[in-house]
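Listed next as structure tokens is one chain, alone, in the form predicted on its own.
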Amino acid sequence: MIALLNLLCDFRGREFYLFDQLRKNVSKLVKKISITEISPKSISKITRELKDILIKSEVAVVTADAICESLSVILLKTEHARLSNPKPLVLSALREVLLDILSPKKEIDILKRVEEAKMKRTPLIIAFFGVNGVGKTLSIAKLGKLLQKNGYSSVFAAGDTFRAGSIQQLQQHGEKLGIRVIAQTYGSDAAAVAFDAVNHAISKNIDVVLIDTAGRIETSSNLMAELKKICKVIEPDLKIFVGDALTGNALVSQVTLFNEKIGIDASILNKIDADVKGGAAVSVTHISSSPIIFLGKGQNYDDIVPFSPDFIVNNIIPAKQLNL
């Protein structure tokens, strides 16, 4: 929570543009509301405009539909007399819907999972997936640092044996953090690298195995076959998707594909501090039916914070707007 508050303070220390587009457009929509009664007709008008705003802010169409449908249900069920100012009612209902969309049906606490694995005398195995360029390898390093700060050991597995420089990149992070990297040569079987890392963790009583994987092209059938093999051989305890908030609709496609092909237990969303649209953050949890667990905001190892639905929603609908 302290880290999350520091992140918010960082944003306030410069131009405040997190989810700027979505926040401004939602605010404009609400200010235009002039109805004095909530009815199916008036709600339909609001949700039609809201859907357009959400899609233009790169919220997935299926997520935009879900938000509008839930908003309609809440407003129609709300008991109210003739309204002199319906704006707070609509905003409050929309906040409720967004919080529900962003709150996963299951929660994942990494540190709790590590502790549970320790009690069973087995390492927690986490595999990371995502296309190239989204910060997957750096996210692994950040999580390794987070584990260190909490007294847990880890080992990195250089499972991206395809991209030139990927093994060295992970090794550089390992050297800086003092974390062992298990690697083979380029072109090696990625599943074999992960298998070696797991055996190393077992023999050395290491708490967590963090497995990097290739992400050359999200539509590559060879890539997906390789990732499926890793999952079959290693049976990771957690499969974490890493995405870039700035890729918008491409991120939605990536989440959908990886979830369909290998299954996603949780996500890490990077570059959240530069996301002016906000659609990615709103869509990922809904599309994957799994939680976002961390947000990445920079290149330093400490630039990772726990995900909070309240933090996201407060940047779309600030609490002060409820007093309109």
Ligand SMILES: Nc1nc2c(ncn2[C@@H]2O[C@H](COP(=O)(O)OP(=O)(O)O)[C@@H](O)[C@H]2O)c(=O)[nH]1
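When you see a residue number, it is the position in the sequence shown, counting from 1. Here the structure is a predicted model, which is why all the values come from computation and not from measurement.
Only in words, not in the display: the form predicted in complex with the named molecule, which the text now covers.
You can rule out all but one of 108-116, 179-187, 232-240, 161-169: in the predicted bound form, only 161-169 has residues with a heavy atom within 4.5 Å of the named molecule.
Within this chain, G296 lines the site of the named molecule in the predicted bound form, having a heavy atom no more than 4.5 Å away. A residue is said to contact a partner when one of its heavy atoms sits within 4.5 Å of a partner heavy atom; G133 meets this definition for the named molecule in the predicted bound form.
By the criterion of a heavy atom within 4.5 Å, L138 is counted among the residues contacting the named molecule in the predicted bound form.
Not displayed here, the named molecule is approached by D273 to within 4.5 Å at the level of heavy atoms in the predicted bound form.
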